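Coming up is one lone chain in structure tokens, specifically the form predicted alone.
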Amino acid sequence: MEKIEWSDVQGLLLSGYPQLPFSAYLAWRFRPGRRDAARRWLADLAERLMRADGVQGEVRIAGATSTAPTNIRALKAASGSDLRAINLALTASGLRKFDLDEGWLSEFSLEFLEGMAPKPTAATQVPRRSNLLGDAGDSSPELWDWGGWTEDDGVDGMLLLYAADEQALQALVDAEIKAMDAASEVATSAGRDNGGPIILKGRLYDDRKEHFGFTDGISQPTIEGSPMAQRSKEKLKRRSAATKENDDGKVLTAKEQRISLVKPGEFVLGYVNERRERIPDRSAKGHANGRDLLRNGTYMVFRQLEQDVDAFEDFVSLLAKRLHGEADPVTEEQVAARLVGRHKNGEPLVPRAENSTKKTERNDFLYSHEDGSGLACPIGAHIRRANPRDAIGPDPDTALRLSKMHRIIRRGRPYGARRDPKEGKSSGNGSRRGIAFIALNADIAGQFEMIQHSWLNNAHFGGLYAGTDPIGHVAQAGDEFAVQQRPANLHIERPRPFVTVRGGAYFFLPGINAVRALAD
């Protein structure tokens, strides 16, 4: 098996930093004419970025502390409120500021170079990419707070900052703004907070739930050759897949490996992917100067998705009355689970297999044979669309293999204050809450965009007659949610979307050596 150079990979690819629950996503622009200062800043930053190396064995050192861990292993072994993690991402406009020749730039994907929200022209009032992503109406880039069509919406990069508590996070934000000041400035909003800094603060709660009330971050792919994959492989050699040791979710069962284990090239550039190809392919040409800006990097999709909790709960109440005759906490929980495909505690609707040892947040299930008709988990439910597993293809085995070509690693977090149910309906600025959605993938078109366009936004997904992702941002005429049941399916009209896109961009998360190369 090909060895991955984890010491050159930014840590976000392997960890969402659960021990650092407070985060800030700081969008910035290079200051004009400050190229030397920009290079000095990147050279300093490269040595402080969190790397993915050192996680083998999950070694924990009793009493160990570190004020500035720079790899996941050190972070996990350390303790204290001064822990932090920093990652860096660049947009195509940011890379162009280094005057890279067209040969270098052409190696990056077209989607990244074009951007998430290309501006309309006289010939294209709605650009192809906006149409593909469903970014229209209230989610049109014309209305975005940042990253959209307004002249000053663009950003050159993003710092992803993580800390143990709110005070430590603010100190980290202040320190990094000071460190970058000679080279870069915080980008400002062109939308509702016109002129305000684009610093989106996220929070990972102890229960890991997002604002609609569901446990988030479940069903992540596992990179073949990663520490978790290696650990699972070794332990499964010695123990039965059904032993109690597998209950903690830290070791993948044999069935989970079949479902979730994915080739490294789907996420880390320069390695073999599920198509047995490499992106980029270095077999035909090399680089005389020895720089390889893509190797050990990945593409990062960032979307600011605002959630309308009130509208979601109103629809859940309506659906509970239609399905059960009354709306109460029990029936509302049941119908909300139908929309998502899991209960709020993470338990999937697909029935538990007899040999399953997982209690909740299970991933040891498939759709074709276990719930082919959608009577347990509706065909149009969110998780079934986002990862169809073995359901979309000529046969289940081929479908499962093909689905691995379209996986993403999600590292997003909720932003905005949680709504207290006692406060009643939300209003004003206090209701600004949602998900700072982050997806990591090596092929934006074949992974994130394919999932969004062909599965989430597809009104005919899985043979359905109409309806898009029930918790997505897309609305179409005649949009509905279909509940599979006997003797006839129930079709319920869906109101306006519960989610609105407020900003976003395509970024490149470079390897550590690539950051150093840009600084040279």
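All values derive from a computational prediction rather than experimental measurement. Quick note: we count residues from 1 along the sequence shown, nothing fancier.
Omitted here: the form predicted together with a small molecule. The next part is about that form.
A.B. asks: Can you tell me whether residue 408 touches the small molecule? I mean in the model of the complex, with a 4.5 angstroms heavy atom cut-off.
C.D. replies: Heavy-atom contact with the small molecule at 4.5 Å: present for residue 408.
A.B. asks: Could you tell me if residue 118 has a non-hydrogen atom within 4.5 Å of the small molecule in the model of the complex?
C.D. replies: Residue 118 lies outside the contact set for the small molecule.
A.B. asks: Since only the chain is shown here, I'm wondering whether residue 20 would be in contact with the small molecule in the model of the complex (any heavy atom pair within 4.5 Å).
C.D. replies: Residue-level check for residue 20: no, no contact with the small molecule.
A.B. asks: In the model of the complex, does residue 187 come within 4.5 Å of the small molecule, counting heavy atoms only?
C.D. replies: Looking in the model of the complex, residue contacts with the small molecule do not include residue 187, since no heavy atom lies within 4.5 Å.
A.B. asks: Between the small molecule and 387, 437 and 456, in the model of the complex, does every residue show a non-hydrogen atom at 4.5 Å or closer?
C.D. replies: Yes.
A.B. asks: Work out which of 263, 382, 73, 201 lies within 4.5 Å of the small molecule in the model of the complex, going by heavy atoms.
C.D. replies: It is 382 that has a heavy atom within 4.5 Å of the partner.
A.B. asks: Exactly one of 273, 219, 441, 331 has a non-hydrogen atom within 4.5 Å of the small molecule in the model of the complex; which residue is it?
C.D. replies: Comparing distances to the small molecule in the model of the complex, the residue within 4.5 Å is 219.
A.B. asks: Just one stretch in 176 to 184, 408 to 416, 313 to 321, 392 to 400 has heavy atoms within 4.5 Å of the small molecule in the model of the complex, so which one is it?
C.D. replies: Single hit among the candidates: 408 to 416.
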